[in-house]
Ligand code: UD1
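The chain below stands alone and is given in structure tokens; this is the form predicted on its own.
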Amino acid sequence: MASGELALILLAAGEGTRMRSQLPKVLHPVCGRPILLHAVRLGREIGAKRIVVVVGRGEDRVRDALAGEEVELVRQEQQLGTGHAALRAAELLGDHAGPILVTNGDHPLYRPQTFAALLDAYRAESADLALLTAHSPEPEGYGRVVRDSDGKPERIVEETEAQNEIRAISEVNLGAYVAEAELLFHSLAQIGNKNRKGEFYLTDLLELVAESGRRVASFAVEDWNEALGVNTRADLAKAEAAMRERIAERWMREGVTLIDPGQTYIEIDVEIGADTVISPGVMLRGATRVGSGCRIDAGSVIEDSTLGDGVWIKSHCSIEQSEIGSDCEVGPSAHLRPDSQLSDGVRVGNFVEIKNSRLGRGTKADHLSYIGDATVGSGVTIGCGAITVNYDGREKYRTTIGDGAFVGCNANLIAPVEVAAEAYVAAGSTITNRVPEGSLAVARARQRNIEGWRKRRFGSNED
């Protein structure tokens, strides 16, 4: 066994027909990250210097999903089996000096320490080939690992080719192998397709290497759940549940309180500060960052957003691509749409919607208001039902509200318009012109009472 840098081959060319989806199987997300990207990131964690992805169906979409990742792609034109797919990587890695790990791109649950242990077994035993196995309580569907009289792996029998005595074996192949490039690609080129499916099975690699008298090692994964490959929607749900459990355990170890971990949905790229308390039904998605000492109540969904320290998100809020400063209160049932920015100490109440707006320190919009395309200063009070009217049917316009201003209930601010610092807008006003600093704007018709109108219109109550 030669030394050298590790390379990784990910097999991602399968049709994935059992998913019944237009989306390539390996691009279905598990906890916010495509299945294939889980495998790519794992490769980086175990020190792979080169990662080659074998693609087939949906190549363009796979390429787009891997944009920004340092990977190399090679195409399997015809679906001739996993052995044929792995051999396609010889085009890029035929001269690689060092071990090559081959595995499937549809396994999102492997841990770095599992592959590290496989590589350790490969090196410790000076093996020519090492493979990953598991003792499964449910081996159906997996290739069985057959060992010789000395207990060494000698072949893998696919279930479709297995007789009853082979099917009784509980040790299964997990489709991960380590070998040097020369042995790997030479052996792959020798694989035949004399089987029921007429495919070139990667599993035949073991028998070819063992029969040549070379040394074979193996490592059995401890947690069977890691072995889950995603082939159906049911598998996808199982993978999602297992990953969510891991994520929840991680954040509880880091000092986050999850009142009901099984009913809390935290995606893999989320970050959370200590002493934050999260209620059931909360979803934290994408690149969300939550500060320390926050409270997020039941049913709130936060995506690609940043929360400072001491923030209280009340129940059933929706927050998208927004920034919330420290010590803010939002909700219940508030909606922050993309590009909303709340400075420290802002209070946004029930059924308030904010879009593409900045609210200064200590500003309050406690209920039933719409603030869109607005720049709002510090210490502003926005009354119930106040609206920035930002759209004229063709274009969006901005509203500016200065520090310390007061906007009364049911006021309409027709953009583009400015309410200057310390100005007041009377309740029920429709403002179309600038309100100067410190002044009161009243823009509503004078009340007129018409005596006796009801009786003249409808007659007396006795009729």
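Just so you know, these numbers come straight off a predicted model, no measurement behind them. Numbering starts at 1 and follows the sequence shown.
As for the form predicted together with this ligand, it is not shown, yet the points below apply to it.
Undergrad: Answer with yes or no whether residue 142 is in contact with this ligand in the predicted complex, where contact means some heavy atom within 4.5 Å.
TA: Answer yes; at least one heavy atom of residue 142 falls within 4.5 Å of this ligand in the predicted complex.
Undergrad: Hey, in the predicted complex, is residue 154 touching this ligand, heavy atoms inside 4.5 Å?
TA: No, residue 154 is distant from the partner.
Undergrad: Hey, in the predicted complex, does residue 18 get a heavy atom within 4.5 angstroms of this ligand?
TA: Taking the distances in the predicted complex, the answer for residue 18 is yes, it comes within 4.5 Å of this ligand.
Undergrad: In the predicted complex, does residue 105 come within 4.5 Å of this ligand, counting heavy atoms only?
TA: Residue 105: yes, in contact with this ligand in the predicted complex.
Undergrad: Which one of 296, 85, 342, 348 is close to this ligand in the predicted complex, taking close to mean a heavy atom within 4.5 Å?
TA: Spelling it out, the residue with a heavy atom inside the cut-off is 85.
Undergrad: Among 310, 379, 286, 81, which has any heavy atom within 4.5 Å of this ligand in the predicted complex?
TA: Only one listed residue qualifies here, and that residue is 81.
Undergrad: In the predicted complex, which of the stretches 22-30, 428-436, 411-419, 398-406 has residues with heavy atoms within 4.5 Å of this ligand?
TA: The contacting stretch is 22-30.
Undergrad: Check 129, 192 and 211: does every one of them have a heavy atom within 4.5 Å of this ligand in the predicted complex?
TA: Result no, not one residue of the spot touches this ligand.
Undergrad: Within 150-175, which residues come within 4.5 Å of this ligand in the predicted complex, counting heavy atoms only?
TA: Result: 156, 158, 173, 174, 175.
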